[in-house]
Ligand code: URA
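For reference, the chain that follows is the form predicted on its own, supplied as structure tokens.
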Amino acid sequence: MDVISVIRAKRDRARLTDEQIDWVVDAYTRGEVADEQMSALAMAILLNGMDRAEIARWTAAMIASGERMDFSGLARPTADKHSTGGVGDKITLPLAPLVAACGAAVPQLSGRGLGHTGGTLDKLESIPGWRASLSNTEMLDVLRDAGAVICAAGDGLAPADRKLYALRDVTGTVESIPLIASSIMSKKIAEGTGSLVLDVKVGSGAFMKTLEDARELAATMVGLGTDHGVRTVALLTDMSVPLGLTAGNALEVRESVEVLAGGGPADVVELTLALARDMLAAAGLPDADPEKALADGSAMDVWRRMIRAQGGDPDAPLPAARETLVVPAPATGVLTALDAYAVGVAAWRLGAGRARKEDAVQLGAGVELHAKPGATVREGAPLLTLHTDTPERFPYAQEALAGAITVSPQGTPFTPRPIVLDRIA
């Protein structure tokens, strides 16, 4: 077997054999295939695609590159959720303790933000003392104690994916649906969860801009989960507008705690409950009532136990940015557009995100929204508040927001997009 023949096969639109896929993934993980060679193959896959059998085999090869976790010793059924990423997407924070409060165990392996999309681990690290890195034993201990754990994936889990993801990020091949699907599902299947709900974002602030692309990705991932014995369902959800009223690490933690306390923005609550119901149904707990668990404080109790079990102090003050700048409404009327991607880029430029994986983030930086599309706004009244420790970033954030805000004349009809656009099982 040689890598040149594998590259040429996919370049010439041939389907890769099982043997070619097994060999090239293993050889790349071991360093026998060079980065530039895997870059060429990734680009050929981006341009020419893979069929379902190829994607399934590629996913299996990436799973086989590392260890597999086993939660069969837990007394509860396991359920997990994965989001493809968006702006203001803090849903994992209230969702994991909520589902645990309803009787499932939630082993949530999460990641960091890159570019305009936020990362769950970055958000939680704004809680003083909280640790993202846990050993497998520590992860199981937190699951047994609290019912939910949110942590970083260990180095032994799908190492082929970790290496390939970093390469795709710098070679313009992130958008390949076969590579996105196999990347996400190799980690989730290796994680060992019994059921999985996928939140596939659609819109300007998401990687999938159209419903057609999102449906293709969702159907591919649901098929992969099913083929590997994991009960899998996908919700296609709107990401044309930021979720909730905040984008930024500590800002989003604060909002998540508001949801767990029975309040919070309506769209965050709606999506959290929709995902919770599907997670509980997939875990064999269809009669559990997540709305009641939010209202009676049991989800908040799990949150506090989970944060403490990972070294955090749920009562400690969250970091706040040293500087703020108000962006006023440009006119009086109905706010009819507030572009998610622009808000995400603004938060990133304020310091909430990173351009490279090794960059540090400002825990207090981000964007606070004072109105969502459909609201009536008054010219000069606060529309957004920008937060950062480094005020020289303000002009760059404002530049990102140019053209992102549309205020239409009063009386203009406005119909918001639904949060959940479709469901694929």
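All residue numbers refer to positions in the sequence shown, first residue = 1. Because the structure is a prediction, the values reported are computed rather than measured.
Same protein, other form: the form predicted in complex with uracil, not shown, and the subject of what follows.
No residue in the set A219, H228 and R231 has a non-hydrogen atom no more than 4.5 Å from uracil in the predicted bound form. Of the candidate stretches 340 to 348, 294 to 302, 311 to 319, 182 to 190, only 182 to 190 has residues whose heavy atoms lie within 4.5 Å of uracil in the predicted bound form. Contact with uracil in the predicted bound form, judged by any heavy atom within 4.5 Å, is made by just one of R354, R168, R76, R215: R168. Although the partner is absent here, K201 is not a contact residue: none of its heavy atoms lies within 4.5 angstroms of uracil in the predicted bound form.
Within 4.5 Å of some heavy atom of uracil in the predicted bound form lies at least one heavy atom of H82. Although the partner is absent here, F207 sits close enough that one of its heavy atoms falls within 4.5 Å of uracil in the predicted bound form.
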